[in-house]
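Take a look at this one chain, the form predicted alone, written out in structure tokens.
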Amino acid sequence: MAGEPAASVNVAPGAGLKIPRHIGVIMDGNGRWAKQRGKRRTEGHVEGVKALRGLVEHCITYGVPYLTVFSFSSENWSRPPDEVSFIFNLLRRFVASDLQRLIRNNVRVRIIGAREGLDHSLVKLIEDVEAKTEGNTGLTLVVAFNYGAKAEIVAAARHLAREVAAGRLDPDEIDEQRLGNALYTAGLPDPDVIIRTSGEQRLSNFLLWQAAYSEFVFVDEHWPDFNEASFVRVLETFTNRDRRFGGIGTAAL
């Protein structure tokens, strides 16, 4: 349930690795990747989509049940309009080219974030991909699109306030679980580990509530360079972490 620390699934895909139940990824560095190579920023976004395809495949191979990726934040609207338009069109092309592959691989897609103000055709696309993959039982791919964690918490608080005002909810009944169930991520386990690429070390308004007990792994590679070797290094780092959830942990016993 949302708000509860997520247990990890222990499997050994060749190296005795502890596999997170839920991985969150801040896919950072597309623009810097492109700049270093004398390319346009948009080319970095295209390569970033290829890296995302690879990550989905790695999660399937290594048995990760849940993956949440930060694809477009509510703050990204401040970017140049041409770049924003390109990212939106890239999302459309990704769905068009990859939807059948996701269905064949039993991937369920869930898209979280504010939908108010989005183009109607984009909302229809989001609803369509969710509906067509709803019955899949393998990897759950959560795409945070037009998402901001502070706005998510505010929206949850407003929902609960309306329930109280309507007499359907006693204020004393509001607890962490009820608020967690009002978030976009209701029904999903909290992330065990959050990865951020490109050397930056901050959450940037991503899953603030859900990350209370997440392990953070910051990698230097720009997102388009994140590959299976990078993924395995993250799993190795996670395997060696002593997760205490407020307790004393195994190392102190």
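So that there is no doubt, residue numbering starts at 1 and follows the sequence shown. Bear in mind that the values here come from a model prediction, so they are computed numbers and not experimental data.
One more form of this protein exists, namely the form predicted in complex with a small molecule; it is left out here, but the text below deals with it.
Residue among 112, 90, 155, 179 with a heavy atom within 4.5 Å of the small molecule in the predicted complex: Of 112, 90, 155, 179, the residue with a heavy atom within 4.5 Å of the small molecule in the predicted complex is 90.
Proximity to the small molecule in the predicted complex, single hit among 185, 214, 30, 68 (heavy atom within 4.5 Å): Comparing distances to the small molecule in the predicted complex, the residue within 4.5 Å is 30.
Touches the small molecule in the predicted complex: residue 58 (any heavy atom, 4.5 Å): So residue 58 does not count as contacting the small molecule.
4.5 angstroms heavy atom contact with the small molecule in the predicted complex for residue 49: Residue 49: yes, in contact with the small molecule in the predicted complex.
4.5 Å heavy atom contact, residue 79 and the small molecule in the predicted complex: Taking the distances in the predicted complex, the answer for residue 79 is yes, it comes within 4.5 Å of the small molecule.
Contact test in the predicted complex: residue 145 vs the small molecule, heavy atoms, 4.5 Å: Yes.
Partner-facing stretch of 37 to 45, 206 to 214, 58 to 66, 185 to 193, counted where any non-hydrogen atom is within 4.5 angstroms of the small molecule in the predicted complex: The contacting stretch is 37 to 45.
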